[in-house]
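To begin, one chain is listed below as structure tokens, in the form predicted alone.
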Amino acid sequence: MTSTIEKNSGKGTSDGVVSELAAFFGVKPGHEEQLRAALDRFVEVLRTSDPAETIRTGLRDSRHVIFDEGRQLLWATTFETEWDPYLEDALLVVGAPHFFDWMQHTTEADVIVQWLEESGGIDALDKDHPDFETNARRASAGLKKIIQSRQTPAAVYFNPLGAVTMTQIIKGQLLDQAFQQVLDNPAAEEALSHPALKPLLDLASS
């Protein structure tokens, strides 16, 4: 089956502003534990990255699932930016060495090694390299091609928060926290009695 490449979702499927990516890799025989350790390191990079940078990439979530008795790996992620900048920015935030760290334990390792060599080697894609950003952006096309070669679009995809971006969700949460602080302040009682603020009070009490 030939898949259509969309500007927003690439080869995947979208619901509102959110697109999904599901890529399946074979696990190299005897490499399951090494793969698990590399995946722990990969997600730790995401956990410890500046949240503002992570949100800028468009990332909504990411998970790796080892299944079929350790023979196969699913990488499933959702994002809210367009496909091209998503993986490009992800490469900048995470760094190519951390992608290589887990991908070297898949049956696509030879293709990954070839991609790294054509991109100038792993040192050229390390964040400490002076031309890191230029090198990473140039190399991202190759990584996208590899991932898309292993990608299968979702038959259907639903996201109950697909209509709003992470920025809007976080802003709403911060507004709620600020308004709760106002409600807890006795000095605000008179101001909050104004009819114009009734919609806010109704929302806060719901």
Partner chain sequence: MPDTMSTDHGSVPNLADVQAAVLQPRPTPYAGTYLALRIDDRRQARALVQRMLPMLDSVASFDAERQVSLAIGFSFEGLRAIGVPEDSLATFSPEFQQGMAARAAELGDVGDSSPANWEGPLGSKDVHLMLVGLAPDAPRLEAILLLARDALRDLPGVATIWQQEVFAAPNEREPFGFKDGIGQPAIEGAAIPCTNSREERLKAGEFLLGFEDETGSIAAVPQPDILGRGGTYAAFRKLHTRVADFRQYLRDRAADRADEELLAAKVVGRWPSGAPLPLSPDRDDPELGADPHRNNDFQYGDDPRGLKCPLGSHARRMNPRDAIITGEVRLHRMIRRGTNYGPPLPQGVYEDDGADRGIVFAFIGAHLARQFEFVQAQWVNDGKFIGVPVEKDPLVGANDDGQFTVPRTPIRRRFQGLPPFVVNRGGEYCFLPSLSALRWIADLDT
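For the two forms, the rigid core is made up of the largest set of C-alpha atoms that agree within 1.5 Å on superposition. Positions refer to the first chain, counted from 1. Only a predicted model underlies this, so the values are computations on that prediction, with no experimental measurement involved.
One more form of this protein exists, namely the form predicted together with the partner chain; it is left out here, but the text below deals with it.
Site residues 180, 183 and 202 are all in contact with the partner chain in the predicted bound form, judged by any heavy atom within 4.5 Å. Using a 4.5 angstroms limit between non-hydrogen atoms, residue 197 is distant from the partner chain in the predicted bound form.
Core-superposed comparison between this form and the one not shown: the CA of residue 188 exceeds or equals a 2 Å shift.
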